[in-house]
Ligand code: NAP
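Here's a solo chain for you in structure tokens, the form predicted alone.
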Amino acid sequence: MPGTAGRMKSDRHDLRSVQPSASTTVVGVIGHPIAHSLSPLLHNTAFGALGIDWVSVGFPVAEGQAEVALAGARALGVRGLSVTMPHKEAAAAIAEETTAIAARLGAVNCLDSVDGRWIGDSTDGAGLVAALAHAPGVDPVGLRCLVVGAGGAARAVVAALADAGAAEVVVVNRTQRRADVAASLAGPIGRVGTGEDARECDLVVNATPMGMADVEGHPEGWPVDPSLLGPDQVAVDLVYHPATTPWLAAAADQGATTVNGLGMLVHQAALQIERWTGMAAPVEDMWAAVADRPL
């Protein structure tokens, strides 16, 4: 990522306690639902630590309204957007340009306004790999991995695990066609499987909204039957609201090491900060802002 300008924090100039003005640079997050999102908190913590006059806000945007929302944001001079469900694929189609990883995935979670053009990027996969390294210290090299889901976040995870050196990436999804597309992102080590494959995997990732608070109509049941998991496995749920989903709780009861989506959220947001500002993100400050926050 660009920039090594570092931190410029001072007691006198901490924008977490300063009101935005007409000259403040605005970024935000779009999605639905969005009220629970911690992205503005993470972004604003980083801006305060860096001592720059930027602010991040949440924009609730209903499904199917991404194009209208992006046109409005462009007209208002919004500098960048974090993109969450259900708009990642739509944003990739709307962006005038995408990075190599975003083009590969057909999904973006970050939009950067450059000379009036939206540049789409994906920081989700790299964010998860960084989060696993941060805690519990998991390196994907040589691991057999299973990913549930085939949406934008799932595809990012599949590609990132493969690129990080996983031995195998198995995709489980209700729709065969989308599962095939997601598995292909892992190249020769990717394949479509079933939940039963979790028994033989080291790392199992739920990359669906199943278990997320405030999401209506999500499918009943488990991403993967928790009874297939055990003490030598790591279960990851990209959901962070609530902090412990029913599936993670059940996986923990089976002895698995569990990780929620908070770490991925922090690290993908840090990469967004670096893309927008060209400055090194204050990751530890961002972690501190959310570590003890009730979810």
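Given the structure is predicted, the values throughout are model-derived calculations rather than measurements. We number the residues from 1 along the sequence you see.
A second form of this protein, the form predicted in complex with the ligand, is not displayed here; the remarks below concern that form.
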Option touching the ligand, based on a heavy atom within 4.5 Å in the predicted bound form, out of Pro209, Pro140, Pro86, Gly193: Pro209
Of Ala166, Ala92, Ala131, Ala150, which residue is found within 4.5 angstroms of the ligand in the predicted bound form when only non-hydrogen atoms are counted? Ala150
Could you tell me if all three of Ala154, Arg178 and Val239 have a heavy atom no more than 4.5 Å from the ligand in the predicted bound form? yes
Does Ala251 reach the ligand in the predicted bound form if we count a contact as any heavy atom within 4.5 Å? no
Leu229 versus the ligand, in the predicted bound form: is there a non-hydrogen atom within 4.5 Å? no
Close approach of Thr99 to the ligand in the predicted bound form, 4.5 Å, heavy atom: no
Is there a heavy atom of Met264 lying 4.5 Å or less from a heavy atom of the ligand in the predicted bound form? yes
In the predicted bound form, segment of 168-176, 184-192, 71-79, 100-108 with a heavy atom within 4.5 Å of the ligand: 168-176
